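Two forms, one chain: they're shown below as structure tokens, one block per form, named structure 1 and structure 2.
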Structure 1
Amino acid sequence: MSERMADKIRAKLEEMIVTGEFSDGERLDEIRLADSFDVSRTPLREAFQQLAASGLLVLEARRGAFVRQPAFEEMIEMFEVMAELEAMCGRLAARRVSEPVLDAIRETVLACEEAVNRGEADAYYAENEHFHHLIYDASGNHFLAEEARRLHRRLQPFRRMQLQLRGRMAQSLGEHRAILEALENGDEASAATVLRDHVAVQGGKFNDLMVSYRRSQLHQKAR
């Protein structure tokens, strides 16, 4: 048990919130939660602080911790910002990327290709992560890379959902190829545009997913 308890709890709570275990606005009872994790309130409260910082909770003074399920509109907003951050990474990377890093990016594209051929969504997902992180770093702006990572992480579960959509993996792969090409050509404008669209399409796909999800919800209620 080398890790800090508070960090494990944060990770677990993060997953629970993101997977919809709690509903929006729900108050988290410190004592009951602490008991369920078999810890005292102290590490739990530290986890609360961290979750509040990343926007998953809001702490109201002397009122408690309330889960903040980003509404549909906010998710779209987040994708919009993510698209712009990725575009910026792409623009800078097109100018600054080195040959070894370019090689690494090429490898991830190949690995993505294999994953698509085998229909392995998990493998694709992992390589996709790698691909994007490489570009963040290639921007040469470390602060930007960190911000991008932070937001990427927050949108992670929604990205993952999308790979379930028919044909999305192949489409995504094609976009990766276009991004790689722009980087190889040092074409800043193109790299920015293609990356922006690559992420924006995810926002759109997310929209589609939500619509069909809500329809099924309505269906259930209408029974």
Structure 2
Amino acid sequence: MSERMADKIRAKLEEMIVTGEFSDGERLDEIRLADSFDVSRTPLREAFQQLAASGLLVLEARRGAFVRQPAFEEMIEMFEVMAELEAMCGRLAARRVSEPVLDAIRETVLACEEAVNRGEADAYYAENEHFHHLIYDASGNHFLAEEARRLHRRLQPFRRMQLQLRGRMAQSLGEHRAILEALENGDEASAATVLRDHVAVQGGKFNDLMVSYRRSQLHQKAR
């Protein structure tokens, strides 16, 4: 129960941080937030841990949790590096992936399709994350897989939020199918290209989402 509540709290705080409702460096008030979410501090602190893992909070002993908003330039740089890491994973995976792992990747694509049909972004993201982690492992390069996972965790809030854009889940599913096809065909160049483009699109879609948020906020202030 606490884990599910922690996930809900994490998602809400994640959105508030990314959209600027909390300012960079702001200390989060545990008591006020616990009252606001009507929960004990346990799930709240679990949510803080999740946000710290993705780089959106800095936890300081005896001082509390402080917001860390990455600069726009840092976001662009992270997505650029992520695109190249995923491309490298895809190229190696196309050469080295085993049939059992391919079956597992196929299952995630089917699960993503079901999530799209139900319109469930959180379920889609969970399967999407599994899809990418399987490809990291299929690269056969442990160091590369760990580096990809590390940056994936940093970008997790932004990759998850871009799924809110209309039509993005269905578009992402189409990209997953193209990635799977390249892996099935052992096409290293295509696997690298489609994965690189897949991540680049995510960065662009997140930027589109932030623009729409800013416009909405300006409209509300003007009213």
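Residue numbering: sequential along structure 1, first residue numbered 1. Just so we're clear, the structure is a prediction, and the values are computed from it rather than from any experiment. If you superpose the two forms and keep the largest set of C-alpha atoms that fall within 1.5 Å, you have the rigid core.
Working note: structure 2 is the copy from the form predicted on its own; the remaining copy is not.
Positional change of residue 183 between structures 1 and 2 stays under 2 Å at the C-alpha, relative to the superposed core. In this overlay on the rigid core, residue 156 has a C-alpha that sits less than 2 Å away from its partner position between structures 1 and 2. Of the two rigid parts of this chain, the smaller turns against the larger by 42 degrees between structures 1 and 2, per C-alpha superposition.
Core superposition gives residue 62 a CA displacement of 16.5 Å between structures 1 and 2. Relative displacement of the residue 26 Cα between structures 1 and 2 on rigid core alignment is 6.2 Å.
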